[in-house]
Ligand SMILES: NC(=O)c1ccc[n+]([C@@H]2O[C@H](COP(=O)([O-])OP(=O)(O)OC[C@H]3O[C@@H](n4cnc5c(N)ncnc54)[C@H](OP(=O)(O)O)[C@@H]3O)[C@@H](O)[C@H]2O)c1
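Only one chain is given next, in structure tokens, and it is the form predicted on its own.
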């Protein structure tokens, strides 16, 4: 499928994975809306996207706050018009042992990584339903498939995202909305590097551009095809 002229909202689009996806889709002629908590970094990405000649807008809000998400999405839909694609990318990773991580930190991870996906999907669903088609890509993690030491909160949040996303797919595909759950392994983003997940060698793992190209190719598939779940790993173990 040709993506030119489509419009995508990407949460957490100011850096890392979200930024890579935004730039990759913009090269295909997709109009872009990005969200994040830092207005300055959002503006910097907007300037990069503008070079591709597409419409672009941003909204600054905390994805874990429902009222802020509703306001931000309303603004983006107003600025961009018809929206066809939602990429639920925003998330945080706080890592530590179960008996050492404060409960407030645990709750913050769940609120951001799980409720953020729920809030954003709830905002875009009525719009896509009225449009008669659309795509929602929820980015989880292989950590959600199998928890590990030191990542209880993050792994639990991503496992919940996988389940939530599968429920979305089961309910919303009748409206011609493709809901896709992606579970990447370690990607060289600030979160994984700062969290010590790349073993000091970020070039060895997946790069944001690798994942962005995969997202682009999935979206270009004929609408009769639905990738319900997918995982991607680096070739290096």
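What you see is a predicted model, and the numbers here were worked out from it, not measured in a lab. Numbering follows the first chain given and starts at 1.
Not pictured, yet referred to below: the form predicted together with the ligand.
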Exercise. Just one of 151-159, 123-131, 99-107, 76-84 has heavy atoms within 4.5 Å of the ligand in the model of the complex; which?
Worked result: 151-159
Exercise. Can all three of 41, 184 and 189 be found with a heavy atom no more than 4.5 Å from the ligand in the model of the complex?
Worked result: yes
Exercise. Tell me, which of 173, 37, 204, 47 has a heavy atom within 4.5 angstroms of the ligand in the model of the complex?
Worked result: 37
Exercise. Might residue 61 be said to contact the ligand in the model of the complex, defining contact as any heavy atom within 4.5 Å?
Worked result: yes
Exercise. If you check in the model of the complex, is residue 90 within 4.5 Å of the ligand, heavy atoms only?
Worked result: yes
For this session: Give a yes or no for residue 17: in the model of the complex, does one of its heavy atoms lie within 4.5 Å of a heavy atom belonging to the ligand?
Result: yes
For this session: May I ask you to check whether residue 165 falls inside a 4.5 Å heavy atom distance of the ligand in the model of the complex?
Result: no
For this session: Just give me the residues of 139-157, first to last, that have a heavy atom within 4.5 Å of the ligand in the model of the complex.
Result: 139, 140, 141, 154
